[in-house]
Ligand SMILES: C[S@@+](CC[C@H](N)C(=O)[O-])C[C@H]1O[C@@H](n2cnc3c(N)ncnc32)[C@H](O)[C@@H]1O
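Quick heads-up: it's one chain on its own, the form predicted on its own, in structure tokens.
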Amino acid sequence: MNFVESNNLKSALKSSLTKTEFAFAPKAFDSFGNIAVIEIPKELDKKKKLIGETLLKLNKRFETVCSIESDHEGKFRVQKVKVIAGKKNLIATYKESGVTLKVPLGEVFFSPRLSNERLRIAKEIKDNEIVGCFFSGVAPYPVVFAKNSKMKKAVAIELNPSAHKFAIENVKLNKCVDRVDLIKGDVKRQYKKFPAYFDRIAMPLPHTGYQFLKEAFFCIKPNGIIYFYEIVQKGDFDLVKKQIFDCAKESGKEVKILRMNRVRQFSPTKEQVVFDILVTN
């Protein structure tokens, strides 16, 4: 489990915080292998070092603790992070589903909370299928697919130069160079190279993924499946469903939504949801 929620951290902080401060004490954090990333309320800004050091004492596997310093920002949708305890290191060594990934925190979008999704899709991939990975980041999707399926190959497209650099390293590290093609570029510029080419396409963009549905419909084979991710108000799927069907109609495609499922909490009022879209023509 990469998103860790435990009362141990909060309990350990009780004696070091005032009653007012303790009400804001965090108990959840993300585990990026050897690095923990935690969101600390502004009410505890002056206690960040204390919180980080406490977390290190409770979890010996962590070498570094970072705090989240911003929302997802910019065209690469990255969050600023800062080391608050332990080694001054922002390159996480992260493991899931039999793969090891190097992740430069603060430079790329990466969510360990999507590990179950990556493995789920890998198990659905059939022998010799070709899989597209749009917005592929440091290549967690294609690498997990390569290690956990009998796909023919994956084509991964990523605009962020730092993410692409680490994707190259991760593909080599996991010995799947022959099954993963990495392209540094914009999906909107690259997609025309792949008309009706992919059996499946994963689109794990945290925001504005609907702006690329047209490109996905162009690239998918008949009876192919698109795994489309979007941030929604909790339980409200209607807007995204409308976007999917409207774009399909404009693209001359007939589609069926096979599955809608919450994959992670994004905020107190929002969640990330995956839509499995079958394109029948």
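Owing to the predicted nature of the structure, the values given are computational and were not obtained by experimental measurement. For every residue, the number given is its place in the sequence shown, counted from 1.
Beyond the structure shown, there is the form predicted in complex with the named molecule, which is absent from this document and is the topic of what follows.
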> Would the named molecule be touched by all three of 13, 34 and 37 in the predicted complex, meaning a heavy atom each within 4.5 Å?
Replying inline: no
> Taking heavy atoms and a 4.5 Å cut-off, does residue 149 contact the named molecule in the predicted complex?
Replying inline: no
>> Under a 4.5 Å heavy atom criterion, is residue 170 part of the interface with the named molecule in the predicted complex?
In response: no
> Should residue 178 be counted as a contact of the named molecule in the predicted complex, where contact means heavy atoms within 4.5 Å?
Replying inline: no
>> Can you tell me if residue 114 lies within 4.5 angstroms of the named molecule in the predicted complex, counting non-hydrogen atoms only?
In response: yes
> 193-201, 86-94, 129-137, 170-178: which one contacts the named molecule in the predicted complex at 4.5 Å, heavy atom to heavy atom?
Replying inline: 129-137
> Considering the named molecule in the predicted complex, which of 212, 245, 237, 218 comes within 4.5 Å of it through any heavy atom?
Replying inline: 212
>> Which residue, 119, 182, 81, 159, is the contact with the named molecule in the predicted complex, using a 4.5 Å heavy atom cutoff?
In response: 159
> What residues, if any, in 81-111 have a non-hydrogen atom within 4.5 angstroms of the named molecule in the predicted complex?
Replying inline: 109, 110, 111
